[in-house]
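A lone chain, given as structure tokens: the form predicted on its own.
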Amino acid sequence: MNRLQANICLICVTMCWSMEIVIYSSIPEGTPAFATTCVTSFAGSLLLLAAFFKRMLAALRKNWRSLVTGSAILALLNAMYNAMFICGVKSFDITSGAFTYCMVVVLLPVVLLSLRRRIGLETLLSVVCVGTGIVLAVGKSLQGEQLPGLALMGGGNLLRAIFIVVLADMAKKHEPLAIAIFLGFFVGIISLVVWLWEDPKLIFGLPMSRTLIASWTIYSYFIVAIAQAFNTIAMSRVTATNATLVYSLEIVFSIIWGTFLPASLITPVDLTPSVLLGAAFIILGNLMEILDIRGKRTEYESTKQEVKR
């Protein structure tokens, strides 16, 4: 897989993730969020385990301690930033929430520079372009009472930036599919503990229905198994910054779904000039990063060498 193919995989992953809100809208009310995360994480991991059992065993024989420990750390970071997002996003509408969710694009270079990682000039320009798009879309609508929510989103994005850096490093050292399996498994365990704390009856207290089972099945297959597998494989070929820039396209996909899907599935998006201009800047920033017009990208090789050290 070359760099362009990896970016195409990341775009597919981002499109799957952008449909998450549509699937969530189909889940019956009263179903705890951690119940959905727990069940779908375990189910997605089992699907990947059934398909790639031999590859996981080979990865464990190679360096099981580093693989398992790193996956557990990733799962903990995932649980922490998702909890902050769940609380922080309540202060925003769908469009503004999607834009603030992608503030990680701005914070990731700070994390990389603190780790003394090199960032190419073209990548920095892409980051500035995407960051400008976020400010244009959210800046005018930001209210004073939203600042606590913005702080939570910022903290969550900082943890997510660290998560992406750790995942990118691990994907270059270990079997990516094994990481996806263990990550889903550990996320399921953490979610199970929180779910048990919220409702000791667990699955016996849920309003089980065909709709819930169908939603969980679709979520497990597309959001957890397929998207997570593609994501970890692609991360072995690109840098953390490259991946994060592509993730920002989730905003564009969310705008498309909010414009064309019926209101019964998703809250319609208000296509203001600032939202459209912000989306345009995000697309431009991604094109600058993905197309590699000058053909002089070297970040992958430098990152690979740093990880080997």
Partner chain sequence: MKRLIIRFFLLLFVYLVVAIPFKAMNLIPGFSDVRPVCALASIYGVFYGPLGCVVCAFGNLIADIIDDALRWSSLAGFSANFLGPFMIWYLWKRFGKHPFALRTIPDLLFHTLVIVLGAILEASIITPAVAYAYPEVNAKLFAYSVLGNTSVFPIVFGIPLAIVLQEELGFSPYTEEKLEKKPE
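The structure presented is a predicted model; accordingly, all values stated were derived computationally and were not measured. Positions refer to the first chain, counted from 1.
This next part talks about the form predicted in complex with the partner chain, which is not shown.
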item	value
Options 127 to 135, 159 to 167, 231 to 239, 75 to 83; stretch whose heavy atom lies within 4.5 Å of the partner chain in the predicted complex	231 to 239
Selected contact from Ile218, Ile189, Leu196, Ile119, since only one has a non-hydrogen atom within 4.5 angstroms of the partner chain in the predicted complex	Ile218
Non-hydrogen atom within 4.5 angstroms of the partner chain in the predicted complex for each of Asn2, Gln5 and Arg210	yes
In the predicted complex, Leu177 touching the partner chain (heavy atom, 4.5 Å)	yes
The partner chain contact at Cys16 in the predicted complex, heavy atom, 4.5 Å	yes
Partner contact for Ala214 in the predicted complex: the partner chain, 4.5 angstroms, heavy atom	yes
Partner contact for Phe52 in the predicted complex: the partner chain, 4.5 angstroms, heavy atom	yes
